[in-house]
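Presented as structure tokens, the chain that follows is alone, the form predicted on its own.
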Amino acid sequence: MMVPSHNNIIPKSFLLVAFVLLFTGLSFGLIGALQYVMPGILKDGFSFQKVRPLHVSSVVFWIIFGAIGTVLTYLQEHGTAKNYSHSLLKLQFVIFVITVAAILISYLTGNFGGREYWEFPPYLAIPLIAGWLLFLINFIRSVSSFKNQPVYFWMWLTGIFFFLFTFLESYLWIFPFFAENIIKDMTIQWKSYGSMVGSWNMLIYGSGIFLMDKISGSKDYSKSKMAFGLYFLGLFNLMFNWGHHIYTLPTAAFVKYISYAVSMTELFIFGKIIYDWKSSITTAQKYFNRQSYMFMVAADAWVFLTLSLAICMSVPAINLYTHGTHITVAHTMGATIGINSMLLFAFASDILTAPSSKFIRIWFWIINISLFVFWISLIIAGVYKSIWQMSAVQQPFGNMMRGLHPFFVIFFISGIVLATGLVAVSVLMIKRSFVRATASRNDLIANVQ
């Protein structure tokens, strides 16, 4: 279905802002990595206290903006755009852009007051909630019927609703009833953050299934039992998989048991769906869509690697050692860059209609190789730290960190290469999509004349 061009402007704007946030997140991530290699550097203007939230929030918003832009675009391609409110959509975009800018400025000026992902002052959460409500309203209003919808539609709806729910839940700490009980406070915080990740994964994984349908020209996958099995397990994951974050807290054991079982399943089934789809399409289809397909295959590989690490981390006896080490960071990086970012690049390549390029293919391999080195260096550093923190004879923290210095150097160098590759692919995609759009517009004008 062809969508009116004005309806594409805001979704594509979300994607373009997402790339800006990716660049911001990578920049501050490299500064943070440099501070591991050279402790104390830039501490006056960019202390690690500022750099960490600047990096984390920028990357989180890269995923959120990218997911929103993708869902809004694919929802229209799904054929449910007739009731769309362009004015509300524009208002949502303006609210989000202004609020995210205010958040980053608050970090730069040292104005904190929140928790972990959301270390900005709590009042800045209000416009984010308002903007997300507009997103939910726009999505629901665009749907003519809820009957016989494919699985990606339900994944999008679930992701939008549960993100709003978990985001609100993450602010329960502002109430004394929760804040005055440290166990209750920590449990709710870690639970809400774990479920929140599952919420945006719903948006991204749902978009992945839509793109698979689009490339293969069939809806067999989005209406298959396996796909709906993924959906319900993903929903279960949203509710209970966070439990491995609180193994060290004295909470109900049954929640931990359920989370352990659920964590073994979701990514495995998603990976199986991609694998089955990959083997079913023709060579010609692979070639025609090779750029999006290429990033989808990379995500599939990182699903396997991230799942392998997640299985280890979800075993309580191992989690006792890995909790709070660089292994947790490696898992986050594998999921954030290897899975989420590879899928977002696949979506961007499709939505921005960026033609395939040999330079993108070269950078694609550089990105994935450097990410693997980056990932392995974090895991090794995490193993050393886990041994240190569980050792009966405790060595000074400074000695342990000096022992990890070679791995931090590898981590930093591979991070530079990785960041360069991600920026290069982003710029090439944006540039080539603009060139193509300009050429199409010129052809249209010539035909009219």
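Residue indices: 1-based, along the sequence shown. Not measured: the values here are computed from a predicted model.
The same protein has a further form, the form predicted in complex with protoporphyrin IX containing FE, not shown here; the description that follows concerns it.
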Handout entry: Listed range touching protoporphyrin IX containing FE, judged in the predicted complex by heavy atoms within 4.5 Å, from 162 to 170, 291 to 299, 337 to 345, 103 to 111
Key = 337 to 345
Exercise for the section: Report yes if any heavy atom of Leu22 sits within 4.5 Å of a heavy atom of protoporphyrin IX containing FE in the predicted complex; otherwise report no. Expected result: yes
Handout entry: Contact flag, Gln149 vs protoporphyrin IX containing FE in the predicted complex, heavy atom cut 4.5 Å
Key = no
Practice task
Answer with yes or no whether Leu307 is in contact with protoporphyrin IX containing FE in the predicted complex, where contact means some heavy atom within 4.5 Å.
Solution key: no
Practice task
Verify the contact flag for Leu30: yes if a non-hydrogen atom of it lies within 4.5 Å of a non-hydrogen atom of protoporphyrin IX containing FE in the predicted complex, no if not.
Solution key: yes
Exercise for the section: Can you work out whether protoporphyrin IX containing FE is within 4.5 angstroms of a heavy atom in all three of Val329, Phe374 and Phe411 in the predicted complex? Expected result: yes
Completion exercise
The one residue among Ile64, Leu54, Ala381, Leu422 placing a heavy atom within 4.5 Å of protoporphyrin IX containing FE in the predicted complex is Leu422
Problem - Contacts with protoporphyrin IX containing FE in the predicted complex, stretch 94 to 123 (heavy atom within 4.5 Å) - result: Glu116, Tyr117
